[in-house]
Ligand code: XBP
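Presented below, as structure tokens, is a lone chain in the form predicted on its own.
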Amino acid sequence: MKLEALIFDVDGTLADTERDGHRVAFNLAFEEFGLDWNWDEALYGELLAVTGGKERMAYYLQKFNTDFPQDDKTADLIVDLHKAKTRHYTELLAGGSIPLRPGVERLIQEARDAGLRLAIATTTTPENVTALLEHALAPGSCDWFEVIAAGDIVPAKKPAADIYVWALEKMNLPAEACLAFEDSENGIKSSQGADLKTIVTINEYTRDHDFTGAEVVLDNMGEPDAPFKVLAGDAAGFPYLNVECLQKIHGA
């Protein structure tokens, strides 16, 4: 079956949003609410074991800040904090603080030119996806993606496969016609749970994750003048991801 569509994770895959975006935005929200919570880079790396911002805050209180008094209003506090965090995150994006990772913009443009269909499958909120695409990719680029599966659109978040299954259903495509792009162990568990062949581009938070079953594991998508490093799997001899490379990987 020929390659028809590409499905992208967002955070850590399209841009290094976690360390310099979401983490910073969480801390700004905590400060806004007068909380003494602060997530440094090391702690945030541990919190990334849980997907979803609201879920991450609940996990933080459960495991790392057990002295914080919780009551029947804690769930509402988390919701309000998450709204504030999303606002701070979009402001960071609007200010140009979070660029796309190497090769991302070029590959997406080449895929569009080749007639490949594009989709997003992520646990981050739709607002965060829109802000990243509009500010870091191009104005109007949300319209390049025929499906944006994001946030709470399915109840079970990654590593559950639900978000990918939902995206495939909306595109009316079998998994065999697609490639997924991920950056984390939870991400590849999700994509593989939907039977998707997956390309992984690691980041500093995920370099030690288990990517068993990935078609190829790379340090980034690469550029013609800045090749990627192949960490596992087979990139079919290509120095950077392009449509021909993707077709070879997909057909292998």
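As the structure is a prediction and not an experimental result, all values here were calculated from the model. Quick note: we count residues from 1 along the sequence shown, nothing fancier.
This next part talks about the form predicted together with the named molecule, which is not shown.
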Partner contact check in the predicted complex: of 116-124, 140-148, 166-174, 69-77, the stretch with a heavy atom within 4.5 Å of the named molecule is 116-124
Q.
in the predicted complex, does Lys197 come within 4.5 Å of the named molecule, counting heavy atoms only?
A. no
Discussion item. Given that the named molecule is not shown alongside this chain, does Pro227 nevertheless sit within 4.5 Å of it in the predicted complex, heavy atom to heavy atom?
Written reply: no
Test of understanding: in the predicted complex, would Phe26 fall inside 4.5 Å of the named molecule by heavy atoms?
yes
Query raised in the report: Closest heavy atom of His82 to the named molecule in the predicted complex, within 4.5 Å or not?
Result: yes
- Quick one: in the predicted complex, does every one of Lys189, Phe211 and Glu215 get a heavy atom within 4.5 Å of the named molecule? no
Restricting to 126-147, the residues within 4.5 Å of the named molecule in the predicted complex through any heavy atom are Asn128
